[in-house]
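Listed next as structure tokens: two forms of one protein chain, kept apart as structure 1 and structure 2.
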Structure 1
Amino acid sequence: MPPEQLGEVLALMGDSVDNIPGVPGIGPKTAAQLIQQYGDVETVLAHAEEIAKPKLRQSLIDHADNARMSRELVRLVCESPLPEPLDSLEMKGIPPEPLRAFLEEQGFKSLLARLAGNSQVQAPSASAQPVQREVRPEPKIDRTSYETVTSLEALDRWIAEAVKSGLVAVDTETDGFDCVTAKLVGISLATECGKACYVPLEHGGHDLLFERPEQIPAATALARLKPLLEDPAILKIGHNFKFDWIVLDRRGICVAPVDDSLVMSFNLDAGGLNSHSMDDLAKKHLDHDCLTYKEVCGTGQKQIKFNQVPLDRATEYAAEDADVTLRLWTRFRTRLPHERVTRVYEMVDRPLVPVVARMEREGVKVDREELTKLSREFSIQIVALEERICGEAGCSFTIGSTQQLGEILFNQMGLKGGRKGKSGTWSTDVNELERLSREGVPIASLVLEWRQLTKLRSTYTDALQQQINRETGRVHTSYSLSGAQTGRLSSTEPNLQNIPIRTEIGRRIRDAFVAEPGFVMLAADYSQIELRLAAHMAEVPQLKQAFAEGADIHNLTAQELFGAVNRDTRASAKTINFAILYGISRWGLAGRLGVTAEEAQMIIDRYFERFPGIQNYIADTLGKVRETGFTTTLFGRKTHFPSIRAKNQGERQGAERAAINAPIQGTSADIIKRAMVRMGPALEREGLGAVRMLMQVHDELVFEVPQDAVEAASAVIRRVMETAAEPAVSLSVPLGVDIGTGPNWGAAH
């Protein structure tokens, strides 16, 4: 395609970064095909009625004006007069130094080769060594060198240094660990390695034993810092910065732009290579032991809050955090391009930091009365189960004791097939109990049900009532940007990922997550996204065709494997479809289907025979991870598997199973993250700023939507989610999104 047609392609596909609307549903591949066929946007629109695909045809007709406007937005203005003629910009008499030295140092081999014929610039010889640029050695970490800023003159000096350098590492100190309620105590800044300060804001003054030391009034200091922290020309650097972002946002400061050294570390070394906490990274990369919070604030009854720490000690701790963050960032930023993870960092994870922070701060309303009711019901059911379990055992025992349960099952009741761990006690894990349950052992099924109910009661119906924020009346879960090695978000307090998905109990817990008056809950869930990605990544024609036609993929698999489609074969096919993608063994599949290992192996063989692309994908993935030690997603996210070459067979096979699924699950995580980043601007453009994104759970986004905006919001949310991969990745299968609404989360499913 000639360069002059690039604008035609861009006009059809759009660009969310530059607010080019384009035509919904058209990505780079389709746009290029249309322009190659018709030549330009106007001709495409003139022939829209002739296009065979109904959705594409209708989209071009409905959004013709947007396409024309987009063509103007991307048009290059070639008629503008130049202040200087191009000829006057020609470099004549290029000096051999320092140009050659610079090109050699930076590795511009092509430019050096092009300049080789110039008599004034010599090409490097084969033995020439790159010219080393003088690099100032990084100073050792010296806590005594940090400054305590207690005057406006000193603060202005630090702000000026940050403006001059164009970047500043920032860390906040608070009087608690809940960023939604914690009070801001102070801010630390670092403008270069070894040069850091602490600005105390709220130390002392809250207790007769702690005299208020000299410090700048908080409102005054924050007013001075606000322009710096919001300046788009100055990069702010943090570690796990969503915590600091929320703390500062509550004080009216919207920090941007942001780099996060924790996210960088995760993009570089996800998958068991190291922890991503600042203290662990400092030890690994800087060979430095950071001051710990316990060392500064103490433990137990003697523990004090950070606003009670003397300023000299507080400065050592807080400024060190900013200094170490800047040093880690300095190392990680040079690794990103060399290790080819800049793409996933810049296009997926970096822009997600403020999005997740806003979502955490927003929180979600829960119905305390409904939770109390559920807790009572669960307690009654738990007592009844305990009586039945002890009746099956023939005696009373502590059901929560795995040792006592093992003795009951395998010694007293004499059940066969049990296995002992290294400690010599019987295993009663979920796999063992599910095996016994499939063999028709009633007590095993009862214990499994008892465990689920007790866990749900303690984790959700009881705990959620304690987690309701007194100030907001909502529950604010905390999302980890580095909690799952494949890139998925994980959450704590509460852990939203562990609520049962398709059970009645899980639905009732979701019923307690409710919308505010005048709003409804909207749940948007990617439909079978991992199977769709598998069809694309493994190049499986049957699956791609089925998804393109909107067919039931599990019915297709049932027909291919069993020759018939009914309730039982479809259920088995559904299990098989997902299990194969997780690298399940024949024994694992046998357990899930209730068949012998030999029958399970026959099913696996038949599956690979019907869908050879899946088998090839698994073989290719394992071959690459054994060679490189990591897998990659379509967006370049790496997941490292150090155990892939382990001598222990069980450890090695576990790594292999995880590696098979990592590119698929990781790509799924990348796509929903991109949808989250794009969602806010897309809703704002349509005048839907009142829509609030509340939660992200697996492949689902949950929103709180004004009742009169459901239809409009649904259309935007669906469009953003279905096109989230574009234009970075062009998928050969469509992404499907199921949307439901209701007064609560459960009803929205």
Structure 2
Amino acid sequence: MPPEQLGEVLALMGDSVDNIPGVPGIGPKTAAQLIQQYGDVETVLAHAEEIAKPKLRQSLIDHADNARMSRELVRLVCESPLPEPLDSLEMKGIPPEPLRAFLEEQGFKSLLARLAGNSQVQAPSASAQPVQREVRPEPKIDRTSYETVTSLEALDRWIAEAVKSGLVAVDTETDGFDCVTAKLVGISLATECGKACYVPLEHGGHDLLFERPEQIPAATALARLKPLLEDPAILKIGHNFKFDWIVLDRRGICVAPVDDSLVMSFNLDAGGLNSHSMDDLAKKHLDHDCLTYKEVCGTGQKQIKFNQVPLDRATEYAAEDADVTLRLWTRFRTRLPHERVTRVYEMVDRPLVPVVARMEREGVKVDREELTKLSREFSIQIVALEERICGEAGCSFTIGSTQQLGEILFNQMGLKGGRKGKSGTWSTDVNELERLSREGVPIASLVLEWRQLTKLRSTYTDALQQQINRETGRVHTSYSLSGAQTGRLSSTEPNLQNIPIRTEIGRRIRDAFVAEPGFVMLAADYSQIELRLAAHMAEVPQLKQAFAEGADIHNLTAQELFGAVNRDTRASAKTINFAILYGISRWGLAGRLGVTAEEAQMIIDRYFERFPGIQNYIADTLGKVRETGFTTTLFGRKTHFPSIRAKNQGERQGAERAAINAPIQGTSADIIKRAMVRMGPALEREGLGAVRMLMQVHDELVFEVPQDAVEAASAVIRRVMETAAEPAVSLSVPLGVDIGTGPNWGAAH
């Protein structure tokens, strides 16, 4: 039996724990049955809905998060030679106290006893003896050792290997980078370090230039691989598996369970590494240079598609990727518990992978005609503006060139008060142009308007049309799980997280994001989530109370700071509340409020005085990040800040501000990610399987909901989002969610 499962089964059947960890009412016998049936705890939880016995089912559903957390603990404990004194965990960087508290809370009685520092306590049964793992030196990476699988017999042999080892690293090769349309051309597998193969499926072409080499027919090979890839007892490991998951899902294979070495690396080293790409990680952790895609496929005009790569070369590249993925995974999986990031990995990011994959595959419908209409409208206005701008300038020039514009404004027209940036060029950004505009310079406001319209046209109305997928008629963004150091997602090609909303004219672009006939768009967003989290994390009594009472937080701040609530004081208060979240400085605040640094300092002092707790939060956060080099969220997500010790003061202070913000922004990201993970099963449970989750915009989730299910879906969505932190984290402030619906995204706000 592979160590993965052995650990699980030992832990669950043997005497080291008393039940399915964290799930009351499930004893060893039931646990063993469930494990046998599903393979591992994660899969049991994933299939909890199917379980017939209602009490058992409900218990698993209710305590899934505890079980997930415990699962990693079990993994940790099974990796150590038992019995091991609890205090010795300190040596591995695991603080024993929180662990002891957790074990007690979860009822790990016998495990606790064995870890209690008394190494005389014997394991009660033979089955719970330490897992002796065979120590085999890892072979060097040898590209020539990989096998090209072109016969069913060979494929079956590899599948048997995967079953034997209980895990398999998987990498798919395609003829493009867009996973929603790219064609699968081959799959590589690695079952042990150094033991990898490539299964070509669609190599060669149907034209005369490329002969089709011998390979198993794709449908046949996939039919053989499907049971393995869907086998709940076999762990599939990938690097950025979201891509492969979508490619395989399109071929009718729903891969599970999945580990992702990209996500693991991100959970371990966010902020500490610029890149979590396989090539860079191989260089860093394995001291190995991978074959690059360019080396295999070429670049530019001469670039070929992967299905045109000769099989021997393709095998070297593809099998190496699977081999490297597996090697990275073996390192990361032991680091996760030791560096205390298993909780965020198991509870938040790992289960998110298939959820985000589904969302990307779903896409969102965009009304092309509406965008065309807007593009035309904008173009007419842009042309008119260009004429007036050239009139004001007295000559024709490239308005989009900041160099030329600065030259015209500050040299040719001789306007005063310009400032120059690092490169010695005139600044012409929005602040500068707004200042000129206030001073009555007509060209400034014209350029601002021109910039807004050209931005909307080039980035949104024009570009978005290009992004509509030919096959699906929808726009499929790609979410990066490692994009933002704080733990947020980021969105690319296209970026759906920066669609305009702040101005009336920009907002119209959201009207082009429409629901299918019979559906409506539903947008649900957390209200002031970061301020609420700040109130909780900094333990500010007044803020917590205000959120509990549903008070307007900016008004409250205005009252406390300025003694009066009106438009101006509220606006200032709002600015200051944000400043707090972003790591305040007197100069920054002064610039934003239009006051002197001294006045800004007075306001800051007053804020700290009126909202005690904030100052401590900042001091504690900075103290911890200076000591450890990282910050943590309420879910244990780490962000590293190497610059916190920088010699350069500006760089260091930048890191300090980011470190103050990271736990708040990161916890918010954790919470919405957990809501996303739980949303699918919660909707299913209520018979709302037709509801589609389409987009995530940091504090907002967008759905496409059948018209007749809006009420029911709203209730479920609200409940899931508002309770997303529980039970792992209990907040002292309520989370508020605003929900809107309409025929399009614009109308759903």
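Please note that residue numbering is based on structure 1, beginning with 1 at the start of its sequence. The term rigid core refers to the most C-alpha atoms you can superpose between the two forms while keeping them within 1.5 Å. Computed from a predicted model, the values in this text were never measured in an experiment.
Between the two copies of this chain, it is structure 1 that is the form predicted on its own. The Cα shift for R376 between the two structures, taken after rigid core superposition, is 2 angstroms or larger.
Superposition of the core reveals a Cα shift of less than 2 Å for R685 between the two structures. After superposition on the rigid core, displacement of the C-alpha of S151 between the two structures stays below 2 Å. Core-superposed comparison between the two structures: V441 shows a Cα shift of 6.6 Å. The two forms, fitted on their core, place the C-alpha of T454 2.9 Å apart, compared between the two structures.
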